[in-house]
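What follows is one chain in structure tokens, specifically the form predicted on its own.
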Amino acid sequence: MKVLKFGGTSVGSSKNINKVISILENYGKRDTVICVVSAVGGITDKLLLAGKQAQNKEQAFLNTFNDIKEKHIDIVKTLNPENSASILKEVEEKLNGLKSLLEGIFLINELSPKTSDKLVSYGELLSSYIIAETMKNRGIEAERKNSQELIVTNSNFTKAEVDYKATNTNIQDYFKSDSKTVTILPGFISKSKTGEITTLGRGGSDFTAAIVAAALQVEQLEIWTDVSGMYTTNPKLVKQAYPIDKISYQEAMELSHFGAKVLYPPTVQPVLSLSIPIHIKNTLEPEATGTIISNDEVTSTKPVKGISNISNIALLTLEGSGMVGIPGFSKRLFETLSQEKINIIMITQASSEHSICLGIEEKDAENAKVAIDAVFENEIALNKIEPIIIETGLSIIALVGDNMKNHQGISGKMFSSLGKNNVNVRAIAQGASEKNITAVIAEKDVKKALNTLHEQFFESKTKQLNVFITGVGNVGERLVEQIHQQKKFLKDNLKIKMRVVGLSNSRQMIFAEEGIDLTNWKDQLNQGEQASLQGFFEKTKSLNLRNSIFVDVTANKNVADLYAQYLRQSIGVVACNKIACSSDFENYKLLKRLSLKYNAPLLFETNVGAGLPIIDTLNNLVASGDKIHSIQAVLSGSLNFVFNNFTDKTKFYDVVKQAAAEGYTEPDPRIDLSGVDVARKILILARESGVEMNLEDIENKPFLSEAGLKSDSVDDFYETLITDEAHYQSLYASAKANNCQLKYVAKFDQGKASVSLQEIPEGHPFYNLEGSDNIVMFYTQRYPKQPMIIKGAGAGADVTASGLFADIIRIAND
């Protein structure tokens, strides 16, 4: 004998009911089947709504009733296209009874719990009748038995308590003589000892099935729903969630208590003591394995079995010095909430006894405050305690697993991963059994928290990065291409799942929470919304995704000014924009502090030397205790390109134009040629070596002509290059006469820094520096005579993009 229960979604449409009938027919070929059904999906809510409308003298109750009527009649006709007359007649009679009941409520302007139970019972009575009669029409041996004739309760309407002795006798006696292959039972409904209609409360249909399964001591109870079992977490919020094959009763109850909608805890109680397994199955995918809940020992390598959450939580805090050492406060607090019929979901109290925190449903918060403040009115007046404090907009998340107590560090991993993603924990509770660890967080952070914890405890150490890129010009475009090209490699080899979630240029911006399709991102961007720097930040913030990284591929001060906002949201920043880290020293230090405070990486390797590991090497030297004595460097790939290609047979104007065309210079070449760009780079290196310095402290000896320095625009500047060609030729001629090469050199020594164009003699490490290469020489305590040298391509879109890419990957590996 099998006991199956089908929920509201499973019988929510004629299409789904056909699936239910198919499942029952197949089971009936092998065994005797008892099937408990819920009301058609959404009907219970409509019945309650119609009752409220009628109670409030709203004529709209008739419209709601008509919706209920049309829904059932449509299902009957669709299921029985050729033989529905007799079924429709009975259904319409039941619906007429429902209408009369609603009209009575309307007339007397009252909806008592007793009447409410009678009202909502129509849902299950109708669905069970329609399903049973449809099966008979199709030649399947089936009958319907009214559960109200089997399940006996007290008169506690809306949540009746079962008389198990009488109920078990009724069920056993009936099914001894019942010879039908399939018996359909309406769930949720029952009758009191005095014959009044009652209901079993929330999860009542599951409860009905469990009562029947326990009374008949069947081998297994099957709960059929619209998902393939109990998931590791909410699959609507976490795409990577997957069904749990096997789980214990205790774990199932914990997950159900903390919001898993598949099962309601009282369902488990009748079968728990008899060790009857519960199998959660999917009506829409009957071939799926589902989840088996039992007492069988489950071997699992994962200490955490699932992650659940409850939304719409309010946190009540009772605190005051007058509570310390005084017995009775907790008793009075809990009694007050009990009298108000307010359920406590979570409790936490500090050992100092100075405060007690309670988690309750948000809808009960104001009622709770009024009641508690009234009870403690005297203590509040004497300033022994504070009026109750209410915090709303919260949610509870919980890690659940029988084996958590045998594994150290679960709590540490949980709170560390939440902290790294700026999820603030308001309260914590953990029982001595260590079957769950509970935390209260902001409702807005639930999705991020669940994804973060699921990644930490259930995924094969694959870290998801959510990347937001501003500036998709020459370098930005290459970066997007590199990410797209390396996507599979990163996942397979580095266990990094990288998604570009936001893209922006100066005109448009686009976002896709599941990741932008990078095969045609340019077309998408052209159709995007109007770009806004603040709007881009607000959208990034509102998406609230874990492991978020903002990538600045601009030279825009306004973008750099937003770094602090991103860091305060625990969003990492990767920048090739040098403005922020070469800004006022106090702003530089602020960004560093924010990065540490909010655990948000701030990486800017490409600020100096494009993709060369210059800053990383410097940081490693300092971190290992080495001291920087001096730095000598050629840090401008653009200037090196210019002076490597400028001769007495070329024009300075032509060479600069070529450098710009090949992406070696900033859009405004004056930034490079004036030495400001190099000054910023040596400033950043000086700061990273531990020296407090600002840009104006750096001696800048310009080589540009006076007209070039004073030019008002880029076009004007290019004109000066033509008119002042003799000036630039004289620089070249002097170097050639001295058998030297022109190199733009940055120096830092004894706390002072300078940048200037210099004639480098043959034999010097800078002499043979080719193309757009950069070179840096670190003279340190450990490298006093022979410096540590880093040399390589220091400009170009591809290498700069690769430097940005490396910083992003570095964040993933932290």
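Each residue number is its position in the shown sequence, starting from 1. The model shown is predicted, which means the values in this text are computed figures rather than measured ones. In this text, the rigid core denotes the largest set of C-alpha atoms whose superposition between the two forms falls within 1.5 Å.
From this point on, the text means the form predicted together with a small molecule, which you will not see here.
In summary, among the residues Gln758, Gln55, Thr44, Thr64, the only one with a non-hydrogen atom within 4.5 Å of the small molecule in the model of the complex is Thr44. Here is the short version: of Gly663, Pro303, Gly203, Pro669, the single residue with a heavy atom within 4.5 Å of the small molecule in the model of the complex is Gly203. Only one of 772 to 780, 31 to 39, 56 to 64, 744 to 752 lies within 4.5 Å of the small molecule in the model of the complex by heavy atoms, and it is 31 to 39. The small molecule is not drawn, but in the model of the complex it has no heavy atom within 4.5 Å of Phe643. At the 4.5 Å threshold, heavy atoms of Phe550 stay clear of the small molecule in the model of the complex, well away from it. The closest non-hydrogen atom of Glu254 lies beyond 4.5 Å of the small molecule in the model of the complex. Mapping the unseen interface onto this chain, Phe188 counts among the residues with a heavy atom inside 4.5 Å of the small molecule in the model of the complex. Once both forms are fitted on their core, a CA shift of 2 Å or more is seen for Arg202 between this form and the one not shown.
After superposing the rigid core, the C-alpha of Leu119 moves by 2 Å or more between this form and the one not shown. In the core-superposed comparison between this form and the one not shown, Ala398 has its Cα shifted by less than 2 Å.
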